[in-house]
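The chain below stands alone and is given in structure tokens; this is the form predicted on its own.
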């Protein structure tokens, strides 16, 4: 196994916060300055569609240590109704976050718009987007399969809503909140299972935590949004890959600086610590309303198998499951997942993608509609085994980390897809290699 040591100060800026900072900036009155904006393909898609919808955006790039590029974004906007009718369909590429959250804003704009994406995004379900917006008075049409293109005939007179989230989804919660900001009156989102709460924090929305564990989010419509600066911390989902590298490597120690430690984003760290992983949080602090800190990772030879089934836990680690499953399989030979059918609607069918590739690497797997189990390895890793990435950045990076840590030679069908969320992914690994 390879050895990895060093300090990472160049993790990608948080993808989720970058999306929301740009969208909130487009709704604000005045100049919004966003420091350390993500250069990932998905976040650049958000900037592109905002420009096509009439928002003035300037992006400045400066070089930093280690070849890193720091991107600062400046958005000029006049408030909630600053958008103009696009002359072309709005291309979201592979970004489901862009398509879903922007739909909530466009539903309140008094013109027709159309959201499209690449071949992968055009297959992803959008009925969960259309349902609440139709209840609020927007006319939304989808394909016969309930997928994009999402054609929106927006209304400046959206109705208020009390919306019970049918599944935990920060994207759906956010799109309803963005739409409700334009409605004339008070709306409420009811969230039985917590999902990431960046939108609430960044907008300063009122939240009520009920004794039964349900959270209520209150949105008072048509309140002006004052422009303010945002500083984007490092992405904890990107950190997961480097944590796995440090845990699986031999005699390794990796320090990750300035990582967002929002409790709705780092449930995977709790899981790993409970399983015996060598993880320590240092220099914990608050920046821009978000908890931030440094993560120290040391290699671990006795990691217990991960078994994930609780609905709340699944919702909290949904983006990290690809890496967690591969990490658990390589560290312990076992992994078990249930109540995660949502994974089948991501950039790929991630349950099937993980099982297919783990089986190619000699693991005994069985999949179910809502998860899968790894029962052990049936043999050694085949020489030059082929990994199918399915155009999915998290699948590609998960198996790239496994290959590096195991010292195995794996052939990835598409290395470049890692750039969707982690530009410089392979360069970061090389910088840690001893």
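From a predicted model like this one, the values you see are computed outputs, not experimental measurements. Residue numbers count along the first chain shown, from 1.
The protein also exists as the form predicted together with a small molecule; that form is not presented, and the subsequent description refers to it.
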{"item": "Contact flag, residue 170 vs the small molecule in the predicted complex, heavy atom cut 4.5 Å", "value": "yes"}
{"item": "Contact of residue 128 with the small molecule in the predicted complex (heavy atom, 4.5 Å)", "value": "yes"}
{"item": "Residue contact check: residue 97 to the small molecule in the predicted complex, 4.5 Å heavy atom", "value": "yes"}
{"item": "Heavy atom of residue 73 within 4.5 Å of the small molecule in the predicted complex", "value": "no"}
{"item": "Contact segment among 314-322, 106-114, 142-150, 211-219, judged by heavy atoms lying within 4.5 Å of the small molecule in the predicted complex", "value": "314-322"}
